[in-house]
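A single chain, nothing else alongside it, follows as C-alpha coordinates in the form predicted on its own.
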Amino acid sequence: MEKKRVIIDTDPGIDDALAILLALASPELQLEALTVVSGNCDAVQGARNALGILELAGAGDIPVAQGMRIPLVQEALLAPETHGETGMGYASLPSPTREVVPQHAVDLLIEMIMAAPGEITLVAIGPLTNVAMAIRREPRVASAVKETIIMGGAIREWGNTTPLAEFNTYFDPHAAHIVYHSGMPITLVPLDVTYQAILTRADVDRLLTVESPISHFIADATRFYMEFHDEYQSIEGCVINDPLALALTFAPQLVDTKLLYVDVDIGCGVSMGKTFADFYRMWNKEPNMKVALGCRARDFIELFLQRIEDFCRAHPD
(Lines give C-alpha, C1' and ligand atoms only; values in the text may rest on other atoms or scores of the structure.)
Protein backbone atom coordinates (compact mmCIF):
# COMPACT_ATOMS: atom_id res chain seq x y z
CA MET A 1 0.00 0.00 0.00
CA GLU A 2 1.36 3.37 -1.00
CA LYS A 3 1.21 5.70 1.95
CA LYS A 4 -0.27 9.17 1.82
CA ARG A 5 2.36 11.79 2.54
CA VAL A 6 1.16 14.23 5.20
CA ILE A 7 2.45 17.42 6.81
CA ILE A 8 0.62 18.57 9.93
CA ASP A 9 0.62 22.31 10.61
CA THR A 10 -0.23 22.53 14.28
CA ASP A 11 -0.37 24.57 17.49
CA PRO A 12 0.20 21.62 19.82
CA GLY A 13 -2.43 21.69 22.46
CA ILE A 14 -4.25 18.63 23.72
CA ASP A 15 -6.35 17.66 20.71
CA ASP A 16 -3.42 18.46 18.39
CA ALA A 17 -1.36 15.93 20.34
CA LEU A 18 -4.10 13.33 19.84
CA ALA A 19 -4.15 14.10 16.11
CA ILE A 20 -0.38 13.63 15.86
CA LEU A 21 -0.62 10.31 17.71
CA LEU A 22 -3.46 9.21 15.41
CA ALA A 23 -1.33 10.04 12.37
CA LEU A 24 1.53 7.95 13.76
CA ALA A 25 -0.92 5.12 14.53
CA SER A 26 -2.35 5.06 11.00
CA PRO A 27 -0.59 2.73 8.53
CA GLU A 28 -2.05 4.63 5.57
CA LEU A 29 -0.03 7.75 6.42
CA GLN A 30 3.58 8.81 6.20
CA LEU A 31 4.05 11.81 8.47
CA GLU A 32 6.65 13.96 6.75
CA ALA A 33 6.92 16.89 9.18
CA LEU A 34 5.27 18.95 11.88
CA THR A 35 5.22 22.70 11.31
CA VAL A 36 4.28 24.69 14.39
CA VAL A 37 2.32 27.93 14.74
CA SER A 38 1.17 29.91 17.75
CA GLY A 39 -2.39 29.27 18.84
CA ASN A 40 -3.23 27.06 21.79
CA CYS A 41 0.21 28.01 23.09
CA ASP A 42 3.11 30.08 21.81
CA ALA A 43 5.01 28.53 18.89
CA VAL A 44 8.16 28.11 21.00
CA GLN A 45 6.28 26.02 23.56
CA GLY A 46 4.35 24.34 20.76
CA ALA A 47 7.55 23.22 19.04
CA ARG A 48 8.78 21.81 22.35
CA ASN A 49 5.48 19.97 22.70
CA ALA A 50 5.73 18.61 19.16
CA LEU A 51 9.21 17.25 19.82
CA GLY A 52 8.03 15.71 23.09
CA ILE A 53 5.04 14.01 21.47
CA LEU A 54 7.25 12.46 18.80
CA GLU A 55 9.72 11.38 21.51
CA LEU A 56 6.89 9.76 23.48
CA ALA A 57 5.74 7.91 20.38
CA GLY A 58 9.17 6.73 19.29
CA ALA A 59 9.08 8.89 16.16
CA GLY A 60 11.95 11.22 16.90
CA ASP A 61 13.22 11.27 13.32
CA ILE A 62 10.30 13.34 12.00
CA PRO A 63 11.35 16.98 11.50
CA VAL A 64 9.70 19.74 13.55
CA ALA A 65 9.91 23.36 12.39
CA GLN A 66 8.92 26.37 14.45
CA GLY A 67 6.86 28.97 12.63
CA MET A 68 4.88 32.14 13.09
CA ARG A 69 4.52 33.37 16.66
CA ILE A 70 1.98 36.15 16.08
CA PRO A 71 -1.01 36.59 13.73
CA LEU A 72 -0.69 38.65 10.56
CA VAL A 73 -2.55 41.69 11.90
CA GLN A 74 -3.99 41.35 15.37
CA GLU A 75 -2.43 40.43 18.69
CA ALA A 76 -2.00 36.80 19.70
CA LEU A 77 -4.71 35.15 21.80
CA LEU A 78 -3.40 32.00 23.48
CA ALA A 79 -5.58 29.41 25.24
CA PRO A 80 -4.10 28.36 28.62
CA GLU A 81 -7.59 28.08 30.12
CA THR A 82 -8.40 25.36 27.58
CA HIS A 83 -5.08 23.53 27.25
CA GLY A 84 -3.08 24.48 30.34
CA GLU A 85 0.02 26.61 30.70
CA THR A 86 2.17 24.26 28.60
CA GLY A 87 -0.60 23.30 26.20
CA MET A 88 -0.68 19.71 27.47
CA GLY A 89 -3.12 19.97 30.37
CA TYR A 90 -1.95 17.92 33.37
CA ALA A 91 0.36 15.78 31.23
CA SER A 92 4.14 15.86 31.12
CA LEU A 93 6.12 15.00 28.02
CA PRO A 94 9.63 13.56 27.85
CA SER A 95 12.36 16.11 27.38
CA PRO A 96 13.27 16.23 23.69
CA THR A 97 16.63 14.78 22.76
CA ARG A 98 16.86 16.94 19.64
CA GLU A 99 16.12 20.45 18.43
CA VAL A 100 13.76 21.87 15.87
CA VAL A 101 15.17 22.02 12.36
CA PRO A 102 16.96 25.30 11.53
CA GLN A 103 14.43 26.20 8.84
CA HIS A 104 11.44 28.37 9.60
CA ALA A 105 8.19 26.42 9.30
CA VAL A 106 7.04 28.58 6.37
CA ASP A 107 10.22 27.77 4.45
CA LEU A 108 9.89 24.06 5.22
CA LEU A 109 6.28 24.02 4.01
CA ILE A 110 7.28 25.67 0.74
CA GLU A 111 10.29 23.42 0.24
CA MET A 112 8.52 20.13 0.91
CA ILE A 113 5.36 20.92 -1.06
CA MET A 114 7.21 22.32 -4.08
CA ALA A 115 9.62 19.37 -4.10
CA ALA A 116 6.72 16.94 -4.55
CA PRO A 117 3.90 18.61 -6.50
CA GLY A 118 0.61 16.81 -6.11
CA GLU A 119 1.92 14.46 -3.41
CA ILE A 120 1.64 16.26 -0.07
CA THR A 121 -1.58 16.44 1.95
CA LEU A 122 -1.49 19.37 4.34
CA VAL A 123 -3.52 18.98 7.53
CA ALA A 124 -3.84 22.41 9.14
CA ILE A 125 -5.17 22.06 12.67
CA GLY A 126 -4.08 25.41 14.13
CA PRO A 127 -4.42 29.03 13.08
CA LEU A 128 -3.54 29.44 9.40
CA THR A 129 -0.69 31.96 9.79
CA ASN A 130 2.05 29.61 8.55
CA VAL A 131 -0.02 28.45 5.59
CA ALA A 132 -0.98 32.00 4.58
CA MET A 133 2.64 33.13 4.76
CA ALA A 134 3.72 30.18 2.61
CA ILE A 135 1.14 31.14 -0.01
CA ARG A 136 2.23 34.78 0.03
CA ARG A 137 5.90 33.86 -0.32
CA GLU A 138 5.36 31.15 -2.95
CA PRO A 139 1.88 31.33 -4.55
CA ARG A 140 2.52 28.09 -6.47
CA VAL A 141 2.15 26.21 -3.18
CA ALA A 142 -1.62 26.55 -3.54
CA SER A 143 -1.71 24.44 -6.69
CA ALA A 144 1.20 22.15 -5.78
CA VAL A 145 -0.38 20.74 -2.62
CA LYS A 146 -2.46 17.59 -3.16
CA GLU A 147 -5.16 18.67 -0.72
CA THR A 148 -5.53 20.79 2.40
CA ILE A 149 -7.70 19.67 5.28
CA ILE A 150 -8.41 22.54 7.66
CA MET A 151 -9.85 22.26 11.16
CA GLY A 152 -11.50 25.60 11.70
CA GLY A 153 -14.56 27.76 11.48
CA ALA A 154 -18.16 27.36 12.51
CA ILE A 155 -20.75 27.48 9.74
CA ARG A 156 -24.10 26.55 11.32
CA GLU A 157 -22.65 26.15 14.81
CA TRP A 158 -22.01 28.98 17.26
CA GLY A 159 -18.46 29.99 18.10
CA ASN A 160 -16.22 28.65 20.85
CA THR A 161 -14.13 31.83 21.28
CA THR A 162 -16.68 34.54 20.58
CA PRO A 163 -20.42 33.94 20.16
CA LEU A 164 -19.77 33.72 16.41
CA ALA A 165 -16.13 32.69 15.86
CA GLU A 166 -14.15 29.48 16.27
CA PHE A 167 -10.71 29.71 17.90
CA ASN A 168 -8.36 28.89 15.00
CA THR A 169 -10.11 31.32 12.68
CA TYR A 170 -10.51 34.04 15.28
CA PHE A 171 -6.82 33.83 16.22
CA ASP A 172 -5.85 34.89 12.69
CA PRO A 173 -8.86 35.65 10.47
CA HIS A 174 -6.69 37.49 7.94
CA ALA A 175 -4.60 34.37 7.39
CA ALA A 176 -7.78 32.31 6.98
CA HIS A 177 -9.01 34.81 4.39
CA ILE A 178 -5.81 34.39 2.37
CA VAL A 179 -5.95 30.59 2.49
CA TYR A 180 -9.67 30.36 1.69
CA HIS A 181 -9.19 32.44 -1.45
CA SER A 182 -5.88 30.93 -2.57
CA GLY A 183 -7.29 28.30 -4.91
CA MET A 184 -6.02 25.47 -2.71
CA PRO A 185 -8.13 22.29 -2.80
CA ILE A 186 -9.64 22.62 0.68
CA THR A 187 -11.81 20.47 2.89
CA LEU A 188 -12.99 22.51 5.87
CA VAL A 189 -13.78 20.65 9.08
CA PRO A 190 -15.71 23.14 11.22
CA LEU A 191 -17.22 22.94 14.70
CA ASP A 192 -20.44 21.77 13.01
CA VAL A 193 -18.94 18.28 12.91
CA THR A 194 -16.07 18.36 15.39
CA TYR A 195 -18.36 19.25 18.29
CA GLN A 196 -20.08 15.91 17.73
CA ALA A 197 -16.76 14.08 18.28
CA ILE A 198 -16.77 13.76 22.06
CA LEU A 199 -14.23 11.60 23.87
CA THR A 200 -15.71 10.43 27.17
CA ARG A 201 -14.17 9.39 30.45
CA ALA A 202 -15.24 5.83 29.67
CA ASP A 203 -13.30 6.03 26.41
CA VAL A 204 -10.17 7.15 28.25
CA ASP A 205 -10.63 4.41 30.86
CA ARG A 206 -10.73 1.93 27.97
CA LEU A 207 -7.38 3.25 26.71
CA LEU A 208 -5.92 2.90 30.20
CA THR A 209 -6.53 -0.85 30.11
CA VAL A 210 -3.54 -0.90 27.76
CA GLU A 211 -0.46 -0.13 29.84
CA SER A 212 1.66 2.41 27.99
CA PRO A 213 3.15 5.86 28.57
CA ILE A 214 0.97 6.98 25.67
CA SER A 215 -2.30 5.93 27.31
CA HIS A 216 -1.27 7.63 30.55
CA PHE A 217 -0.30 10.79 28.66
CA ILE A 218 -3.71 10.88 26.96
CA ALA A 219 -5.48 10.40 30.31
CA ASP A 220 -3.52 13.19 32.00
CA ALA A 221 -3.90 15.61 29.09
CA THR A 222 -7.61 15.01 28.49
CA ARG A 223 -8.49 15.23 32.20
CA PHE A 224 -7.66 18.96 32.05
CA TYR A 225 -9.50 19.31 28.72
CA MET A 226 -12.59 17.58 30.13
CA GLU A 227 -12.64 19.86 33.15
CA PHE A 228 -12.66 22.87 30.80
CA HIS A 229 -15.47 21.45 28.66
CA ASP A 230 -17.54 20.61 31.71
CA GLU A 231 -17.11 24.01 33.36
CA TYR A 232 -17.45 26.30 30.35
CA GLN A 233 -19.52 24.36 27.83
CA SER A 234 -21.47 21.78 29.90
CA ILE A 235 -20.00 18.95 27.81
CA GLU A 236 -19.35 15.64 29.55
CA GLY A 237 -16.06 14.55 28.07
CA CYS A 238 -14.00 16.60 25.63
CA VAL A 239 -14.31 17.51 22.00
CA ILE A 240 -11.41 16.17 19.91
CA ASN A 241 -11.60 18.51 16.95
CA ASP A 242 -8.19 17.95 15.40
CA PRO A 243 -8.12 14.13 15.28
CA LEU A 244 -11.34 14.18 13.25
CA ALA A 245 -9.73 16.46 10.66
CA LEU A 246 -6.68 14.19 10.55
CA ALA A 247 -8.85 11.08 10.15
CA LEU A 248 -10.30 12.42 6.90
CA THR A 249 -6.93 11.80 5.23
CA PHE A 250 -7.73 8.08 5.25
CA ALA A 251 -11.43 7.86 6.17
CA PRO A 252 -13.28 10.65 4.34
CA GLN A 253 -16.51 8.67 4.65
CA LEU A 254 -16.74 9.75 8.28
CA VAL A 255 -18.25 13.06 7.19
CA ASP A 256 -20.72 14.36 4.64
CA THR A 257 -19.45 17.34 2.69
CA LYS A 258 -20.98 20.03 0.54
CA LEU A 259 -19.25 22.24 -2.02
CA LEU A 260 -19.72 25.82 -0.89
CA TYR A 261 -18.38 29.31 -1.29
CA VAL A 262 -16.96 30.15 2.15
CA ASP A 263 -15.53 33.40 3.49
CA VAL A 264 -14.45 34.85 6.83
CA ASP A 265 -15.23 38.22 8.35
CA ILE A 266 -12.04 40.26 8.71
CA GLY A 267 -13.76 43.40 9.92
CA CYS A 268 -13.32 44.75 13.43
CA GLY A 269 -16.88 44.27 14.69
CA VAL A 270 -18.53 41.62 16.80
CA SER A 271 -18.45 39.09 13.96
CA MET A 272 -14.69 39.25 13.31
CA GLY A 273 -13.44 35.76 12.56
CA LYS A 274 -16.88 34.42 11.75
CA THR A 275 -16.76 31.81 9.00
CA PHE A 276 -19.83 31.79 6.76
CA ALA A 277 -21.03 29.97 3.66
CA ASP A 278 -23.24 31.07 0.78
CA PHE A 279 -25.67 28.14 0.79
CA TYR A 280 -28.13 29.69 -1.65
CA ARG A 281 -25.54 31.04 -4.14
CA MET A 282 -26.75 34.58 -3.45
CA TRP A 283 -23.38 35.99 -4.53
CA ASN A 284 -23.21 33.70 -7.58
CA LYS A 285 -19.62 32.74 -6.76
CA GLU A 286 -18.12 29.34 -7.45
CA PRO A 287 -17.52 27.11 -4.42
CA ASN A 288 -14.01 27.40 -3.03
CA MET A 289 -14.01 24.37 -0.74
CA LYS A 290 -15.75 21.29 0.53
CA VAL A 291 -17.30 21.75 3.96
CA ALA A 292 -18.01 18.92 6.37
CA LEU A 293 -21.56 19.38 7.67
CA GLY A 294 -22.51 15.88 8.82
CA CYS A 295 -20.52 13.37 10.85
CA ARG A 296 -20.67 9.73 11.95
CA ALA A 297 -19.15 10.78 15.24
CA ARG A 298 -19.24 7.53 17.19
CA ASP A 299 -17.75 5.65 14.23
CA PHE A 300 -14.88 8.11 14.34
CA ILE A 301 -14.40 7.77 18.11
CA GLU A 302 -14.33 3.98 17.78
CA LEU A 303 -11.77 4.21 14.98
CA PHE A 304 -9.67 6.58 17.09
CA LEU A 305 -9.81 4.29 20.12
CA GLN A 306 -8.93 1.16 18.17
CA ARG A 307 -5.93 2.75 16.51
CA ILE A 308 -4.62 4.33 19.69
CA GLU A 309 -5.10 1.06 21.59
CA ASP A 310 -3.04 -0.78 18.98
CA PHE A 311 -0.41 1.98 19.07
CA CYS A 312 -0.21 1.78 22.85
CA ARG A 313 0.26 -1.99 22.65
CA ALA A 314 3.14 -1.41 20.26
CA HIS A 315 4.70 1.10 22.69
CA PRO A 316 4.46 -0.47 26.15
CA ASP A 317 7.45 1.42 27.57
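Because the structure is a prediction, the values reported are computed rather than measured. Numbers follow the displayed sequence, beginning with 1.
The next section is about a form of this same protein that is not shown, the form predicted together with alpha-D-ribofuranose.
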{"property": "Candidate stretches 162-170, 108-116, 129-137, 92-100, one within 4.5 Å of alpha-D-ribofuranose in the model of the complex by heavy atom", "result": "162-170"}
{"property": "4.5 Å heavy atom contact with alpha-D-ribofuranose in the model of the complex for all of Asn40, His83 and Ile125", "result": "yes"}
{"property": "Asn241: touches alpha-D-ribofuranose in the model of the complex, heavy atom cutoff 4.5 angstroms", "result": "yes"}
{"property": "Non-hydrogen atom contact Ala197 with alpha-D-ribofuranose in the model of the complex at 4.5 angstroms", "result": "no"}
{"property": "Contact label in the model of the complex: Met151 to alpha-D-ribofuranose, heavy atom within 4.5 Å", "result": "yes"}
{"property": "Contact test in the model of the complex: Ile178 vs alpha-D-ribofuranose, heavy atoms, 4.5 Å", "result": "no"}
{"property": "The unique member of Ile186, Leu191, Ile120, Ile218 whose heavy atoms fall within 4.5 Å of alpha-D-ribofuranose in the model of the complex", "result": "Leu191"}
{"property": "Any residue of 1-31 that, in the model of the complex, places a heavy atom within 4.5 Å of alpha-D-ribofuranose", "result": "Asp11, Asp15, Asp16"}
